[in-house]
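Okay, here we've got a single chain as structure tokens, the form predicted alone, with questions on binding and movement later.
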């Protein structure tokens, strides 16, 4: 599989539209929280490259790694945008060349780590426009404010996202193919990437469980789901329905308990009065 210049440009444009500070797709809602999720980007890249199935498979695998990624104040431990577009695309190429999905995950994760350099440098560059915007506000220059707050920062961000994506995917694909050819599936390098890629989703799920559990005993609920899949072979749709039932039951029980507690407290207050 080869990536044409038009395909690389389209993926680069999606990379910009899905970046953290891009406002054009309903802000963060349509951009960062939608098309930059590896599951969605894998589907879109699969359409662009003409292999939706591989795109979704790689996207889902990468999504699990970053499932618990948070960006407080725009600070990212890994650049999800680079992983979702550059990493997933390279992962698709790897799978099409005979590599494993696990190795594709390892490649996407490595790209995400390297991408933080571009992200942090872009954030550093934006401080220049912020200073100019503040000066425009002090002077009452609304045209200068719009220029330094909207137009110029978005132009810089577009360059930071589109140019590296296009260069890596279009000009670097030949080198990627050569590297994959040098290290077949049975080689030590590919087996190492496969092993690392197989562990990374577990790390992502573990971080997610750590964030959503309040007590250690809550992990039993997650272990039940894994047990149903491993022991019974239940599919994910059925598991989601079972999980929804328990969630609804827990919500109903909690609401009833709170209402009963409030009613009891109200009765005690009336007796005291």
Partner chain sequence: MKKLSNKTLRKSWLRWMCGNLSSMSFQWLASFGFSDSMVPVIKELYGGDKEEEIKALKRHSAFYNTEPQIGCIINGVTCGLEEERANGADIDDEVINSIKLGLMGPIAGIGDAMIPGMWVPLLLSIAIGLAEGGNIMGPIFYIVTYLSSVTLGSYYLFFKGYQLGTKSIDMIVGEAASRVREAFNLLGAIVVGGVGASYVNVTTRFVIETGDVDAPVIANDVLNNIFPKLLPLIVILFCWWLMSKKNVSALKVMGILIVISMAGVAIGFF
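Positions refer to the first chain, counted from 1. On a predicted model such as this, the values are computed, not experimentally measured, just so you know. Heads up, when I say rigid core I mean the largest set of C-alphas that superpose within 1.5 Å between the two forms.
One more form of this protein exists, namely the form predicted in complex with its partner chain; it is left out here, but the text below deals with it.
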My question is simply whether residue 174 lines the interface with its partner chain in the predicted complex - judged by any non-hydrogen atom within 4.5 Å. no
Closest heavy atom of residue 201 to its partner chain in the predicted complex, within 4.5 Å or not? yes
Would you check, heavy atoms only and a 4.5 Å threshold, whether residue 20 touches its partner chain in the predicted complex? yes
Can any non-hydrogen atom of residue 49 be found within 4.5 angstroms of its partner chain in the predicted complex? no
Under the 4.5 Å heavy atom criterion, name the residues of 40-59 that approach its partner chain in the predicted complex, in sequence order. 40, 43, 52, 53, 56, 57
Superposing on the rigid core, does the Cα of residue 134 end up 2 Å or more away between this form and the one not shown? no
Just checking, between this form and the one not shown and with the core aligned, does residue 33 shift 2 Å or more at the CA? no
Against the rigid core, is the Cα displacement of residue 163 between this form and the one not shown at least 2 Å? no
Closer or farther in the predicted complex, the Cα atoms of residue 207 and residue 60, when the shift from this form is 3 Å or more: farther
Based on a C-alpha change of 3 angstroms or more, tell me if residue 203 and residue 119 lie closer or farther in the predicted complex than in the shown form. closer
